[in-house]
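Given as structure tokens, the chain that follows is alone and in the form predicted on its own.
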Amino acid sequence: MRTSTPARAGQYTALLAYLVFLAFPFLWLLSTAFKPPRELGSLHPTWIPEDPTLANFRQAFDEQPLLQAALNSLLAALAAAVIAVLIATPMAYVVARRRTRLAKAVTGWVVVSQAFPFVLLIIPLFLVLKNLRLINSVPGLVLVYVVWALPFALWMLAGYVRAVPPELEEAAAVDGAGRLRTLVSVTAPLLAPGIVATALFAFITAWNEFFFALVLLKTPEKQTLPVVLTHFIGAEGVADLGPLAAAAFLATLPSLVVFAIIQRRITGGMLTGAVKS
């Protein structure tokens, strides 16, 4: 069915308005990061700084341990992504290939678990980490991130497994390949894009996570980047706007770069999981 010209113009207008709505916070953050204090306090703010400066970036690095916090975030996000994928991949294969009651129960549990609020999980997780002596440690935070990322990683990878035709595995078996060789030589290469997309999605989720890091990490040298950003806000709620915007802009860049690289694979994986039965 062909779309009329007014309808098409309305669609493009709505799409443009949506893009502007999404881009507004990032563009405002970018503009604020380069403004001197005189322009930050102006009653008539402008989008483009009249006298752009890097002083906010220098002040941000001088006042807070941004590099150490970025390293903590990087270690936690990388470890969580790798561990979550290693655990979720074989689980996803079983859930996708074995149509048993247990597999259906696991799938249902994955869906239900996404409805749990963070506050409901933090108390049992805190007690478990306390017994394991992992409070205020990056490994403890990694454990929490793995638990949090597993349901979505399992659901996403199961969609990729269902997209692999079972006939390929059956043909390999007819040619004499065993189960392990079939998985390694036939299935695993076809799952590689899904594994990469799932790992990177888990990485972005852990990189941006704030609540668990705020509760579980106490000492400044252990804190992650989202928690350190709150230190630019004073006890009375007054924000040091310039350095805060500069630090937040730097913290946003890795997520944007990674998401720009993998967004097509993520979309493909989510659609695959949605249409395959």
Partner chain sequence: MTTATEASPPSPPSPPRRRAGRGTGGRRPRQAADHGAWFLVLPALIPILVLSVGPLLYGILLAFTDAQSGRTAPTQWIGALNFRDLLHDTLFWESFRIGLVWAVGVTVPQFLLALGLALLLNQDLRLRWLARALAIIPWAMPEVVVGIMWRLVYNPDAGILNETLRDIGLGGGRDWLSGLATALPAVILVGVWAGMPQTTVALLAGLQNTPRELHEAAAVDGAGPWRRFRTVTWPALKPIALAITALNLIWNFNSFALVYVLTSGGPGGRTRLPMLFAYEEAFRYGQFGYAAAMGCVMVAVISIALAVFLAGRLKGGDDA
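Think of the rigid core as the biggest set of C-alphas that the two forms share within 1.5 Å after superposition. All values derive from a computational prediction rather than experimental measurement. Positions refer to the first chain, counted from 1.
What follows is about the form predicted in complex with the partner chain, which we do not show.
Chemist: At the 4.5 Å heavy atom threshold, is R99 in contact with the partner chain in the model of the complex?
Modeler: Judged by the heavy-atom cut-off of 4.5 Å, R99 is well away from the partner chain in the model of the complex.
Chemist: Is there any non-hydrogen atom of Q64 lying within 4.5 Å of the partner chain in the model of the complex?
Modeler: It does not: once the partner chain is placed as it appears in the model of the complex, Q64 has no heavy atom within 4.5 Å of it.
Chemist: Classify P45 as contacting or not contacting the partner chain in the model of the complex by the rule of any non-hydrogen atom within 4.5 angstroms, answering yes or no.
Modeler: Yes.
Chemist: Within a 4.5 Å heavy atom cut-off, is L125 in contact with the partner chain in the model of the complex?
Modeler: Yes, L125 is a contact residue.
Chemist: Just give me the residues of 100-125, first to last, that have a heavy atom within 4.5 Å of the partner chain in the model of the complex.
Modeler: Read in sequence order, the residues that approach the partner chain (within 4.5 Å, in the model of the complex) are L102, W109, Q114, A115, F116, P117, F118, V119, L120, L121, I122, I123, P124, L125.
Chemist: So with the core overlaid, does the Cα of V20 end up 2 Å or more away between this form and the one not shown?
Modeler: Shift of 2 Å or more: yes.
Chemist: Does the distance between the two CA positions of A9 reach 2 Å or more between this form and the one not shown, the core being superposed?
Modeler: Yes.
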